[in-house]
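Presented as structure tokens, the chain that follows is alone, the form predicted alone.
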């Protein structure tokens, strides 16, 4: 089983700091991180996953348009034969103030496996990914 993940910032979002923090954290935790950077399209995430055999996509969005940018991604993954792809998303995913549980439920309904609020600790995502991939706990 591979531990390769595709990491990037989706859509017209150019916020790079969180992307670098996630890259560092997941790499340090032993994952092979394929970081496609900022301003990334759904197609770029899918192409990177196909090319590398990744089992998960870790998508961040900070400019508030994550809902628009992520809409239909699960269906595109399925069409590309990536129907077992784990989809993680986090950040400022919607414009304005919304109840976090409502935002989370919206993304889960869109086919995401895990949804993280702004400021989430990368260690939670790392634990979740290890669990979802059924990887052994680190020593």
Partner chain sequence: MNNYLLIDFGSTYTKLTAVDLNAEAILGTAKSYTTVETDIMTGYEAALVELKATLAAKGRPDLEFDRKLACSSAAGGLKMVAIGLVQELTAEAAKRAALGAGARVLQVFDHDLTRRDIEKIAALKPDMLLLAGGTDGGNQTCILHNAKRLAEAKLPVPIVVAGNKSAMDDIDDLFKEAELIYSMSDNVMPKLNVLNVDPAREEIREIFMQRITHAKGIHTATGMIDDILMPTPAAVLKAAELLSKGTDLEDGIGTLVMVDIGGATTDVYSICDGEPTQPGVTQKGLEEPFAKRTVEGDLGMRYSALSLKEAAGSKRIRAYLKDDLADVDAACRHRSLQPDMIPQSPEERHMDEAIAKAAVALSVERHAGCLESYYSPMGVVISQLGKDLGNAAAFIGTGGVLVASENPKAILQEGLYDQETPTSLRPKSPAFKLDQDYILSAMGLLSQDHPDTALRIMKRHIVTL
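Predicted, not measured: the structure shown is a model, and the values here were computed from it. Numbering follows the first chain given and starts at 1.
Just so it is clear, the following notes concern the form predicted in complex with its partner chain, a form of the same protein that is not shown.
- Although the partner is absent here, residue 65 is a contact residue: one of its heavy atoms lies within 4.5 angstroms of its partner chain in the predicted bound form.
- For the chain shown alone, residue 73 is not a contact residue for its partner chain in the predicted bound form, no non-hydrogen atom being within 4.5 angstroms.
- By the criterion of a heavy atom within 4.5 Å, residue 47 is counted among the residues contacting its partner chain in the predicted bound form.
- Its partner chain in the predicted bound form is approached by residue 51, whose closest heavy atom lies within 4.5 angstroms of it.
- Considering its partner chain in the predicted bound form, the lone stretch of 86 to 94, 37 to 45, 103 to 111, 22 to 30 in range is 37 to 45 [heavy atom distance within 4.5 Å].
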